[in-house]
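One chain follows as C-alpha cells, the form predicted alone.
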C-alpha cells in the first residue's frame, strides 16, 4: 500500500488566553492602554506569551518535539492561526490579531520549532482538482481499519475501527470509548462497522448507534448484521456510553463473512434507515421479503416498526423492510435539500450502482445487473425488468464503492455544491461525481489518487469533509483552497 508523505502542524494547537497583561505604568484610558500594550508587545515572542503560552507552554515548548498536522511552513502557520481548526481545538484569531501580529507569531513558532534537530519544514498534501486546489490535512493516523465516522458536534468526531474499537477526537485529542458490545464478529469483512450520532429532540438526549457483525449466541462461526444504541454523555475523562439496546438483528445468522452492508442514517422523517448486504447469498435473500439481508430497513429510533412501512401487512414479510433487491450497500446519505435517501452498493465484476430509494421499490439484484460473476461468466443478460428500479448511475468497471457524502456548505465553491464524493476500495481514490440540474451524473473526477482504500466520507454541519482511509490508516480533512 502506498503511503502519503506528510509533515504537519501540531495536533493540539489550542491558543488559549484572551487576556492581555496590564502594563506596568498606567495610561490615560483603556483604549490608550490597549494601544500602548499592543505596541509594546508586537514581537512574535511577546504575542506568543500573551495568547499562546497558557496552552502550548513557554518558549514554544509544544513545537519542539511534535508531529505537525496542518502544514509546517510559514504560510501554513499563518493560515491556521488566522482561520483555526475546530476539530483540533484551534480557535480562529483573524478578528483578534492583525495580519502583522499573525505573521510575527508564526515566525516565532517556526523559529522555535527549528531548534529541534529533527524538525523538517514541509507542505501538507495538496490535491489539484479540475477547477480548484484542495488541501488534505491529517486528523488521525496510525489506525488499523477505520470504517465509519460521524460527528458528536462540529468539534468532536467519533469513528470506528473494524477490529472493534470506537474513538473520539476533540480538541486534537484522540480518546477511546470503552464498554462496547462483547459479541463483535471481527472476521473477513465483519467487525465493528458504522457509527451514527443522533440527538432526541424531545429531551436533547444524545444517542450513539453502532452497526456490527454479531456472533450467534451459541455458535461463533455464525454471524449477522446487528444494530445497537446507547446513550452517550461527556465526562471529565471523555465520552462514555451506557447499556446497549438492541435495535435490529438481520437474521438468519450465516456462515459467510462478507456483504454485511451496515450503513446507518436518520431520515428527515426521524426514522432510522439501515442497509443490510445479502451476505453473499444472492439466490436466497435479495428477492425474498421473509429475511433481513439484501434490504434497506426503516425503524423508529427505538427499534419499533413504523406502521406506514410498505410490507407491514404482508404475511410472512419482515415488517421493517423499506426497499429490497440490494447486493451490498456500503454508502448512504440523506440529501440535505430534498431529504431523499441515496445509497450505493457493490456490484460483482462491474455494476456498482447509485440508487435514490423509493418506498417498497425492488432494485433488482440478482435478477437485473450491469455486472458479471468475478470469473467473467454471465449472471443474467437482463439489465432491466418491469417492476424493478434502474440505478441513477452505475460503474463499469466496479470501483468498489464505499462511503458516500454530498458536498454542501459555504466553504465549497458553487460548481461543487451537491456533488457526490464516493470512496473507491478497488482503485484507492476518492471520486467526485458532478450532479447536473436534472439530478443525473454528468461528470466524474478522481481525487487523492493512490491514497489507500477509501472507506468512509463524513460531513459536519459546517460543510467540512472528512475521509477515512483503510490501509494507510488515516482520517483526512479535505479543504478547498479558495480566493479571499
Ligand code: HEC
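Since this is a predicted model, take the numbers as computed values, not measurements. Residue numbers count along the first chain shown, from 1.
There is another form of this protein, the form predicted together with heme C (HEC), and it is not shown here; the text below is about that form.
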* To do: Look at the candidate spot formed by 68, 88 and 91 and say whether heme C (HEC) comes within 4.5 Å of a heavy atom in all three of them in the model of the complex.
  => yes
* To do: Would you mind picking out the stretch of 356-364, 101-109, 371-379, 283-291 that comes within 4.5 angstroms of heme C (HEC) in the model of the complex, counting non-hydrogen atoms?
  => 101-109
* Is residue 400 a contact residue for heme C (HEC) in the model of the complex, using a 4.5 Å heavy atom cut-off? -> no
* Taking 4.5 angstroms as the cut-off for heavy atoms, does residue 172 touch heme C (HEC) in the model of the complex? -> yes
* Wondering, does residue 52 line up within 4.5 Å of heme C (HEC) in the model of the complex on heavy atoms? -> yes
* **Residue contact check: residue 77 to heme C (HEC) in the model of the complex, 4.5 Å heavy atom** => yes
* Among the candidate residues 453, 432, 459, 56, which is the single one with a non-hydrogen atom no more than 4.5 Å from heme C (HEC) in the model of the complex? -> 56
* Asked: Of 184, 97, 156, 271, which one comes within 4.5 Å of heme C (HEC) in the model of the complex, counting heavy atoms only?
  -> 97
